[in-house]
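A single chain, nothing else alongside it, follows as structure tokens in the form predicted on its own.
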Amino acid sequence: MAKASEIEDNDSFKMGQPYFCNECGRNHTKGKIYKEHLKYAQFESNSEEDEQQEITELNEFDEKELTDAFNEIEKEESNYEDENEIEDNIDSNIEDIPNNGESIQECINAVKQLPGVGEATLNKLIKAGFSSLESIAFTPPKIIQQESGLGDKTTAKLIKSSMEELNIGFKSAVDVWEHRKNIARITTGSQELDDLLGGGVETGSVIEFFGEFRTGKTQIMHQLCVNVQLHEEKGGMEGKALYIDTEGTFRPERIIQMSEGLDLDHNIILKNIVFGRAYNSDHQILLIKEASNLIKEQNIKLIVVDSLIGHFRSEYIGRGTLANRQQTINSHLHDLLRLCDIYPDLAIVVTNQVQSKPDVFYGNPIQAAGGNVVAHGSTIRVFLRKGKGEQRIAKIVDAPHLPEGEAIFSITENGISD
């Protein structure tokens, strides 16, 4: 727009033409000015009468329009304040478990300090889920290369530097014992079952529950998702749970029942459970890989995979695919075990299906699916079977530090109990 001062001498200021305001330093046009700014206008008028007439017309025109505009602005500001007030009320009512955003940034900064790590390399590592020194040090070089796209030499240098920073090497058995004495455990809700497990579901381990249908595998998984949120003195870890459902058996209604059985607010309990539905084996593997980015961000203390082998059994059919299936499951289990190494305060619990062994004529023909690969990959294995009525029987099949034994627990409306 041209300034009114640039209008030719024979042209007088007309309504609708722009003029320059010295007060606000802008050009004004009809309908878009504040009438009190009119005295600062720069325009050339042929006569005082014309100027006075234009001012009168401008005032008459703008008074109603300005009033409507101001009312509209006040209305929008009021709505904005109401929205902010609602958001503030929502935030003040949230009492869920806090996230560890600060520790995430600390981990990223530690990776950034490694020699040879620039912005491009750092972005590739973070995008691939390697946002901490532990995740780089404990992951095989081939996996880092595949996920991040870095070269051989760069990857080897990163792993070596990370191990040096973490001082990974030999240590005394006394140090291991001191760590073992202080590991956290999550109560199952049954004292007998806790005693069988050495005090509850321990962190830093992959614990497998296997058994026939209706033996309580999924019920235990639901109960652990509630109990992990309890205070430490009540058998919890004050953390969130990540539930990966492969069979479509996760039920929020059951979580609500178990929460009410412990006099907890089920809204907060449900909010602190991160749910992921795996629709095939590849998706299941991908969810576990993505979990590494959520653990610190969401303060995850428990990962549940229910069930571990369901998709693999349905997708790898026939003896010709057996070797490929077992290798994929083995890689998947090592992803879970690696998470335990990277995050020592994390507990991982999986359920497994069973199959009948046809060559057993005497004794129990039921065995866990997945063969030796799953047996070697699990730290602790618990076999579940039906009892009388609501009773279920749990038996330790394999554990590096626990003797074989059995425990009887019940599945009630309020959850797992003795």
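If you're wondering where the values come from, they're calculated on a predicted model, not measured in any experiment. Heads up: residue numbers just count along the shown sequence, starting at 1.
The form predicted in complex with a small molecule exists for this protein as well; it is not shown, and the discussion that follows is about that form.
Only one of 219, 246, 272, 299 lies close to the small molecule in the predicted bound form, with a heavy atom inside 4.5 Å, and it is 219. Of the residues 157, 338, 254, 311, just one reaches the small molecule in the predicted bound form with a heavy atom at 4.5 Å or closer; this is 254. None of 209 to 217, 124 to 132, 223 to 231, 196 to 204 except one has non-hydrogen atoms within 4.5 angstroms of the small molecule in the predicted bound form; the exception is 209 to 217. Interface residue remark: residue 417 is not counted as part of the site for the small molecule in the predicted bound form, having no heavy atom within 4.5 Å.
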